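Next up: a single chain in structure tokens, the form predicted alone.
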């Protein structure tokens, strides 16, 4: 049974990847940061008590800011594959927490690489590592962006991802480690964090539809992104580590849409007029904006046999329907006298 270790397993991508790997009969280990509240909601449906003979998902407390915990977990989990998905991944927040973002995203990747190098040297095991890059690394570069496009980061998050990318290239070349960089363009789902613009929009649509919210406040509606489905993209991660040689790949749909188009589609699926509910708030504008991201996934298609299965309209519909149902559940609780915390849209 192959073993995989996932950093960031409690996030959107970590959840989909864990489910995908379990379906491939992997034993899956995940690193979880200690928090005062439970943060495993996205993977609770996959978890079985470790005393259960059928358990194949195991969680370990650790952090990319703590090299000793990474080394301990490597020796305990003995992975064949590592997927480094852990990050402070919110672009706008990275301007407010620049040092922390760099410590987790850039230096955190370096800590993991050092731990992997030492682990391979001391055990003689061969480990394959996937590094989660981002389309934000391309930033202001002219579209379409592919593997040959020069990086032009426009945020502390993006700059940190660029540093992590080059750390991985260097360790691949210096120590002959199997390391693949995936430059994944925006990928969304009903599990997306509620502070990310797509989920913020669909959560608001659900609440407005059910009368729980009146307005949605957004920033730049003209920014264009290449949006795909996270469930498709985790398969691309896995395919990179099944490839004969380690390499770097852009993962994208090859289509780009503006935030305004996403808003129009989302409100339209709910039978609402977006102009009646959306207002611009300058607080949500970035100090330096990324205007146009459009990925060219032709290399991934040719080398990995990967292509997206969910198109833009299908993705928006999936998210809106899920969030309308979530809003219905919240409305039921409110009508029964329970308190429901307000989150998105404000």
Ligand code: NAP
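Positions refer to the first chain, counted from 1. Computed from a prediction, not measured in an experiment: that's the story for all the values here.
Not pictured, yet referred to below: the form predicted together with this ligand.
J.: For residue 65, is any heavy atom within 4.5 Å of this ligand in the predicted bound form, or not?
T.: Judged by the heavy-atom cut-off of 4.5 Å, residue 65 is in contact with this ligand in the predicted bound form.
J.: Is there a non-hydrogen atom of residue 210 within 4.5 angstroms of a non-hydrogen atom of this ligand in the predicted bound form?
T.: Output for residue 210 is no: heavy atoms all beyond 4.5 Å of this ligand.
J.: Though only this chain appears here, would residue 89 touch this ligand in the predicted bound form if you measure heavy atom gaps against 4.5 Å?
T.: Yes - in the predicted bound form, heavy atoms of residue 89 and this ligand come within 4.5 Å of each other.
J.: Indicate whether this ligand has at least one heavy atom within 4.5 Å of a heavy atom of residue 186 in the predicted bound form.
T.: So residue 186 counts as contacting this ligand.
J.: Judged by heavy atoms and a 4.5 Å cut-off, are 12, 85 and 161 together in contact with this ligand in the predicted bound form?
T.: Checked in the predicted bound form: all three residues contact this ligand.
J.: Identify, from the list 56, 311, 33, 277, the residue with a heavy atom within 4.5 Å of this ligand in the predicted bound form.
T.: Exactly one residue meets the criterion: 33.
J.: Can you pick the one in 178, 238, 152, 100 that has a heavy atom within 4.5 Å of this ligand in the predicted bound form?
T.: It is 100.
J.: Please pick out the stretch from 301-309, 317-325, 22-30, 36-44 that is in contact with this ligand in the predicted bound form, where contact means heavy atoms within 4.5 Å.
T.: The contacting stretch here is 36-44.
J.: Going by this ligand in the predicted bound form, which residues of 128-167 come within 4.5 Å of it through any heavy atom?
T.: Residues within 4.5 Å: 132, 133, 134, 157, 161.
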